[in-house]
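What follows is one chain in structure tokens, specifically the form predicted alone.
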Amino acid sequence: MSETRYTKDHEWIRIEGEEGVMGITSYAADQLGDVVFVELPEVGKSFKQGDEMAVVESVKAASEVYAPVSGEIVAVNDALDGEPGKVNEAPDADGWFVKIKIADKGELEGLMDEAAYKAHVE
């Protein structure tokens, strides 16, 4: 079974074995408004937890997206190049950003579960 964790900056990561699929939360997508462009990192690039790893541009603003955990990018959602609106339509499904090979699973302990995240945004 996969587990999803959340950052205070509104990123989510769904743990799938040694990898995590990540994106921004529906709360973040709602706050941004219509997403018009997503800049994703290259496969093979490594990040430390908290590093800026992507940029989302909407009709309202541009916003940085931070790595929820340290690791190496193993896949990116190329569909967002042509259809950035997927981030608004299904931020926790088709609107995912990257898959990351998790370097330190201990970092997940510092992230929020769904209940804590819901309390965080209320």
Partner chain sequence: MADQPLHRTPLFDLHVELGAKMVPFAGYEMPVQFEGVMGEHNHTREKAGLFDVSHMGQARVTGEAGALEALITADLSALETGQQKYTLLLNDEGGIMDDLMVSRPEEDFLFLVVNAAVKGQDFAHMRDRFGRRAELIELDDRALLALQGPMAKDVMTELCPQANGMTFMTAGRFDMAGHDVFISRSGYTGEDGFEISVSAAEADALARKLLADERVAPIGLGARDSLRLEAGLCLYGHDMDETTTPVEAGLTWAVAKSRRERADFPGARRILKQIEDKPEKNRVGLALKDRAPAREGTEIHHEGEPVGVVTSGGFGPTVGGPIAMGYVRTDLAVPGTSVDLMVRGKAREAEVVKTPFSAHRFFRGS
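Positions refer to the first chain, counted from 1. Every value quoted in this text rests on a predicted model; they were computed, and no experiment measured them.
The same protein has a further form, the form predicted in complex with the partner chain, not shown here; the description that follows concerns it.
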| item | value |
| --- | --- |
| Residue contact check: residue 55 to the partner chain in the model of the complex, 4.5 Å heavy atom | yes |
| Residue 81: touches the partner chain in the model of the complex, heavy atom cutoff 4.5 angstroms | yes |
| Heavy atom of residue 34 within 4.5 Å of the partner chain in the model of the complex | yes |
| Exercise: residue 59 in contact with the partner chain in the model of the complex, heavy atom 4.5 Å | yes |
| Proximity to the partner chain in the model of the complex, single hit among 39, 92, 72, 89 (heavy atom within 4.5 Å) | 39 |
